[in-house]
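First, one chain by itself: the form predicted on its own, in structure tokens.
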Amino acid sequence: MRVDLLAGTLYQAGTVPPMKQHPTVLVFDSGLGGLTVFREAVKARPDARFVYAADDAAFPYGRFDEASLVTRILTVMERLISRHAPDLVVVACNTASTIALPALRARFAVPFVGTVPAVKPAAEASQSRLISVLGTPGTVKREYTAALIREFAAGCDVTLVGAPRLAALAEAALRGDAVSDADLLAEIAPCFVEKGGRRTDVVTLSCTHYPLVRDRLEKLAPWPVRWIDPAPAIARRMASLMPQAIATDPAPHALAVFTGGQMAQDGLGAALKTFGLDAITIDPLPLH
């Protein structure tokens, strides 16, 4: 037997993981930002059964200290894995990934694919060598992000922008609430830096909520930049690690699971359906 450390799976040497009729993928986030990753994941593996899980009872994750957040995520993941038996879990949240991935991989045998700031592709794409990391305040201040910058963007001037309201504004827009251009512009304005005749030319969307309003961010930008959405790369990574499928019939309908339920009750049902999530269930897991 050999262990594939990257995938976290155990199988006979010289073989591939076993084929399944419809492998199951769990896409996990604190809220609805992970839908941007879910959408790309479904495109990459339309043969799979998908479960989208939002820990909305604890949203937003940025209000927790790191130890409490790891404990919360492990508790929720224990429930989700026991009930849905996924073949792979996508942690579609930068905050959860940068804090809890090591603990998740140590606790569970299922492989995990995380979401981290796309610093490397941003540095590779930049011509001006001025890039901005647009994320939540918690993500941009973490050592994990600083380490990515040291390793992959040493030749760039990197501006870290912790947008305090952008994730909530993106969810409000998804609900159909009115979100002003002025409020969105205030969140992204610090990303745009002019220095020594150069301008920022790449901005990483380092929170999965932000691509929900990417079209509006592009229109509001003071000059054109490349916006890097990590979702397609995450989906490709997920697909490469999953078991092969032998399905000839359509994949089962995707299921949305909420730990609180408020996000499923405040006008988002129609929005969830646009992502292919027709079945919604509440699995209560309140904070203690």
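These numbers come from a predicted model, not from an experiment. For every residue, the number given is its place in the sequence shown, counted from 1.
Just so it is clear, the following notes concern the form predicted together with a small molecule, a form of the same protein that is not shown.
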**Request:** Using heavy atoms and a 4.5 Å cut-off, decide whether 130, 202 and 224 all contact the small molecule in the predicted complex.
**Result:** no
**Request:** Name the stretch: of 39 to 47, 253 to 261, 231 to 239, 61 to 69, exactly one has residues whose heavy atoms fall within 4.5 Å of the small molecule in the predicted complex.
**Result:** 61 to 69
**Prompt:** Is there any non-hydrogen atom of residue 167 lying within 4.5 Å of the small molecule in the predicted complex?
**Reply:** yes
**Asked** Looking in the predicted complex, any heavy atom of residue 207 within 4.5 Å of the small molecule?
**Response** yes
**Message:** My question is simply whether residue 93 lines the interface with the small molecule in the predicted complex - judged by any non-hydrogen atom within 4.5 Å.
**Reply:** yes
